[in-house]
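Have a look below at one chain only, the form predicted on its own, in structure tokens format.
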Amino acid sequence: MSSSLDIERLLSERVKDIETSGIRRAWALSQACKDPINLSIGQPDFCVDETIKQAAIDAILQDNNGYTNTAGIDALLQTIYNRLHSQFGWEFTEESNLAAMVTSGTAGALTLAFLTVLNPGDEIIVPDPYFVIYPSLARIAEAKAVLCDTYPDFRMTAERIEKYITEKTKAVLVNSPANPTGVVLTANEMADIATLCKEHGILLITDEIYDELVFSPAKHVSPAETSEDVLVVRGYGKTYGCTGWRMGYAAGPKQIIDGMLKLKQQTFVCAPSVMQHSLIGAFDVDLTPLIERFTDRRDMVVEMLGDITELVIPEGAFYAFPKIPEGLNMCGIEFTSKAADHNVLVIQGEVFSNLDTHFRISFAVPDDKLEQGLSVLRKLLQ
């Protein structure tokens, strides 16, 4: 029986304005291909640590399956307090101006942050290239994401940001290590951005979902090391291989966190209870072998593509963002379509940017698959 509803009329303008994620389109394409070499999805290819798995099983068997406090269970929050205290010197007490909360992934934290800070017509400055949801979240908040051009080196500096600040600017969002470029900002760059935001009375939001995935000699630096006027957003999924558990956390000025908690009470309610219990010991997991593995994969990408195309060497996360040689006379969409014809899936640059001159590779795949895919891409780029 056909519907008599005018569905187009019922859909909100915000939904009509938001395009389906290019990353999810690549995911759908991968399901349709027969054994593709999939270098498109930022899905960790390693298993969850056995201790974390067992903690999840124990949580279920011990009937920790109900609602939790909106901010999160005390035991998990305490690990977050301890970690941020050791890294930034932040104090989480009744007297301090800082607070933290467990969130339904980093996307959940960012959604709550945008809705808490941005009014209709406000502006938030985000990097270009950007992670795909940043402009969409601004649209959902009926605000505007102002794209800060970081080409060709992809470094979001205070000097570049300042040109985009207006009387409507409410926040600046930085992402280091960055998706899709793998760029890691330096201590001086982060301190300068924190100072700039403080001088202009702007909230600095730092998306640090890949904070542990940094390749030596680079080091992860948070602007929270020099300022408490920062909202830190982090996650467990990429670092510990549990992306589907949807677990993250946010910390920063108490009034901001309180606002996010009010919205969370009316939306997400709480992060998954079992997953909260399972991750209490996550920070004790030794990530050294994992980082070494991804360092080797990064090196493979640089070795196989670095001499034939313009490539900013990734210093963190598990992505590379090579430029398509101008001599090929191809945009990103054309190149990724050609790669797909050779059974290799990558994502065109326009998914992450105003420009479509690059493409993103995820090297979160087994070494043999990565080598096969890079060999095909090398031929296509020459």
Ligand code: PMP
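Predicted model, so just to flag it, every value in this text is computed and none were measured. When you see a residue number, it is the position in the sequence shown, counting from 1.
If you look for the form predicted in complex with the ligand, you will not find it shown, but the lines that follow are about it.
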- Exactly one of Ala100, Ala282, Ala107, Val117 comes within 4.5 Å of the ligand in the model of the complex through a heavy atom, and that residue is Ala107
- Task: Check each of Arg155, Arg246, Lys170, His277 and return the one that places a heavy atom within 4.5 angstroms of the ligand in the model of the complex.
- Result: Arg246
- Contact flag, Asn175 vs the ligand in the model of the complex, heavy atom cut 4.5 Å: yes
- Task: With heavy atoms only and a cut-off of 4.5 Å, decide whether Arg298 touches the ligand in the model of the complex.
- Result: no
- State yes or no: in the model of the complex, is some non-hydrogen atom of Tyr81 no more than 4.5 angstroms from a non-hydrogen atom of the ligand? no
- Taking 4.5 angstroms as the cut-off for heavy atoms, does Asn179 touch the ligand in the model of the complex? yes
- Query: Tell me which of 88 to 96, 263 to 271, 181 to 189, 126 to 134 has residues with heavy atoms within 4.5 angstroms of the ligand in the model of the complex?
  - Reply: 126 to 134
- Note on the structure: Those residues of 201 to 216 with a non-hydrogen atom no more than 4.5 Å from the ligand in the model of the complex are Asp207, Ile209, Tyr210
